[in-house]
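Read the single chain below, which is given as structure tokens and is the form predicted alone.
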Amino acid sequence: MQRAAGHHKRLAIIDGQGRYSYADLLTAAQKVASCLLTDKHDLGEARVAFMVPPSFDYVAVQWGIWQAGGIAVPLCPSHPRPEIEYVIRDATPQIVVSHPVFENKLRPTAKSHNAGFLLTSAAANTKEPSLPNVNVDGRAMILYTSGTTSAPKGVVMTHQNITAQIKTLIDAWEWTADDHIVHVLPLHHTHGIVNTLLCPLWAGATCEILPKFDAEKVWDRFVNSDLTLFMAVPTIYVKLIASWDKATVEEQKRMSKACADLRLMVSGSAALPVTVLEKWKAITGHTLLERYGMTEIGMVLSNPLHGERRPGFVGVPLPGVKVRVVDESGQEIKEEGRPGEIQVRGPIVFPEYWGKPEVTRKAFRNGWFCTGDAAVIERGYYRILGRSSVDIIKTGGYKVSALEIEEALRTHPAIKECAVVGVDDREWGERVGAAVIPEAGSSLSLDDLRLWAKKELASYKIPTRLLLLDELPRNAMGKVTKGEIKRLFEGPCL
């Protein structure tokens, strides 16, 4: 926020309501802070949950909470009431801030949990307050994990953590004040908040926020704006490709040319299928930069901005980040090609899970955060094998990467999309189960799949269970929820 003052007149935010300078943003944030403080001088790290549509107002509320000395707890507008109540119950906010459009959804919940309630519209006529000095080591934000492998946990991030994460990406991806990014990601997740919102605002760049992802509108911004960057999840790139496929030849030429003019396009939050990377490169000329991170640690690995970007790999450690791969005894693995767990340390790493000291203690080993993700290092680059708990399948004495099997299955002509999980089995420990969305007009049997897979995979990696679906269950970031898929295998399958 101090940096924003130096960009006073530059364009900070574009949304559906208008265009706002950094001065506009700071003024709006101070008004929010005034509303939050009332007769207090400092919120003293009180939690403030807020639900605001993706917009200038969202940023003003987030920054206003920080300027008042509070801890920002963003709520996802698309989440059902039980998930919102879970976050409010767990974070125990002192205040809930709501955009008027969400008042009916949030006011009863705030009241039932004895939290104050404030509408964003109340900040319009407040005076500029006397603001507290914010401690860089103090807590700034609580983001909730997606809950794909367990109940969502509140990840506490300090101002110092957030600053370190931003500086790492500013350095690695060479953000400047001349950059312009279009923002289409959820704003309750580190990808949308740190990578795609706070990085451009730190650099003095322009962030154009769309209310939600719409493939046609994104293509329109590519063609009719001066964008320099774009960041998204794999499912968004799949939808953009589908939209391009439907366009006329002349439209496709304009769309491809517009994308080629961007300096950087990034994919993250889920594994990027090689087929998608190759198709996007054919359309736009861009080799998507794939990176790896988590809510608890921000971004830690990245393919290079300048240099080789290897399909299926997430690159090398980012500046200022320490990363290692360890075996089951906690010893660092030096040799390449041997799988182990990724561990991380450095100023980017979160200090605690909110209200869960024992879970926090178990998440660290000798100062290293244990990610629970398995990887191998090959020719210096990291390749993610998946979550140890859901993507590493233990079958007949072998440890198998579900992500590796998925990549192979996507090359089958009858498979549009797939997800692989371990299905509990008394004899084998786990069987390899494949949930598949067939291509339109295609048919697929388990026997046919197994016969085809013998040419692509080792025998112990070949699926022995097959489930045909119309769509895969996903969370708000487009990541497949494998726990739900495992439950689907409890019913009838092939």
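A quick note: this is a predicted structure, and the numbers were derived from the prediction, not measured. For every residue, the number given is its place in the sequence shown, counted from 1.
Absent from the display: the form predicted together with a small molecule. The rest refers to it.
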Is every one of 146, 290 and 314 within 4.5 Å of the small molecule in the predicted bound form, counting heavy atoms? yes
Looking at 215, 258, 283, 270 here, can you tell me which has any non-hydrogen atom within 4.5 angstroms of the small molecule in the predicted bound form? 270
Which one, 158, 295, 395, 401, lies within 4.5 Å of the small molecule in the predicted bound form by heavy atoms? 295
Quick one: is residue 19 in contact with the small molecule in the predicted bound form, heavy atoms, 4.5 Å cut-off? no
With heavy atoms only and a cut-off of 4.5 Å, decide whether residue 479 touches the small molecule in the predicted bound form. yes
With the partner left out of view, is residue 166 within 4.5 angstroms of the small molecule in the predicted bound form by any non-hydrogen atom? no
Just to confirm, residue 373 within 4.5 Å of the small molecule in the predicted bound form by heavy atoms? yes
Where, among 79-87, 379-387, 320-328, 203-211, do residues come within 4.5 Å of the small molecule in the predicted bound form by heavy atom distance? 379-387
